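Quick heads-up: it's one chain on its own, the form predicted on its own, in structure tokens.
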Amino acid sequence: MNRFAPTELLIAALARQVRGLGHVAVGNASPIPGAAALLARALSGDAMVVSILGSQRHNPYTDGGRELFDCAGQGRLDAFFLGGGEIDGQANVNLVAVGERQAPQARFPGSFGSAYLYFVVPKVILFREEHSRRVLVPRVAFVSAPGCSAKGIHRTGGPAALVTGRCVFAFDRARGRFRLDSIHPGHDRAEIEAETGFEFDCLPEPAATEPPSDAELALIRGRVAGELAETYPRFAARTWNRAA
């Protein structure tokens, strides 16, 4: 097998979360999830629809997020990738700020349509490359999008997994908790426990995250890198030396 970069492992791990689905969407400023969606589409024989906001070539809509939200509300969006400045053990996401309201310690890009999509998209994949207690907290400072809802609240969507730079968590919606599903090469359970601010379930021997196959690497470095360069030219140039 070819050697792979950590970024390529994350792309492959995220792509496996959405393989076999019909329509996958990616928000703004998300090059790694974008590459993952494009990889999943390539592996599906182009049977998958991929919507990358901000892209000219990989977005079937002409009116920005509004058409995507309509599509999601009609039940025609199968998965969405969502990040967060903070993420807690109940899969709540903070995209606003940390600290005092008038003088926050840190500001994030804003909630946009995250709460709406979290409620209506069946499979939301949380992603944050940084895996630390600063990001994975006991309780988010502000709930931009709630991971769990009280009984009696109609909800067709929600979190399915959290992929970080160290591991993959699956989310148990019935219990409202994460479970450590696999650990990336070069990391271990003790490290993940030390760097995670919330409690999570874990098997006695967690699996190792499956590395990208030779076929996946060839697609990532070839077709996917070229397609992604249209939306994220700097990322593609820095990661694979690819131009738009």
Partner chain sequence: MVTWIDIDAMAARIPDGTRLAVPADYSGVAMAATRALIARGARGLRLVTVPTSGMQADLLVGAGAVAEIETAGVTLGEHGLAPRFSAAAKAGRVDIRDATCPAIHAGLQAAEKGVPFMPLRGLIGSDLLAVRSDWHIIGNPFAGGALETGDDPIVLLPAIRPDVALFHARWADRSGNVWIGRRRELATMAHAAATTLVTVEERYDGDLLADETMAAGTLPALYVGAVAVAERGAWPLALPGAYAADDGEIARYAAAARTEPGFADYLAGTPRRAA
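Residue numbers count along the first chain shown, from 1. Here the structure is a predicted model, which means the values were calculated and not measured.
What follows is about the form predicted in complex with the partner chain, which we do not show.
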| property | result |
| --- | --- |
| Residue (of Pro146, Gly89, Gly85, Gly157) lying close to the partner chain in the model of the complex, criterion heavy atoms within 4.5 Å | Pro146 |
| Contact of Asn59 with the partner chain in the model of the complex (heavy atom, 4.5 Å) | yes |
| 4.5 Å heavy atom contact, Arg16 and the partner chain in the model of the complex | no |
| 4.5 angstroms heavy atom contact with the partner chain in the model of the complex for Ala174 | no |
| Touches the partner chain in the model of the complex: Ala106 (any heavy atom, 4.5 Å) | yes |
| Proximity to the partner chain in the model of the complex (heavy atom, within 4.5 Å), stretch among 179 to 187, 213 to 221, 22 to 30, 196 to 204 | 22 to 30 |
| Output flag, Leu10, Ala208 and Gly226 jointly within 4.5 Å of the partner chain in the model of the complex, heavy atom basis | no |
| Interface residues of 98 to 117 toward the partner chain, as seen in the model of the complex [heavy atoms, 4.5 Å] | Arg101, Gln102, Ala103, Pro104, Gln105, Ala106, Arg107, Phe108, Pro109, Gly110, Ser111, Phe112, Gly113, Ser114, Ala115, Tyr116 |
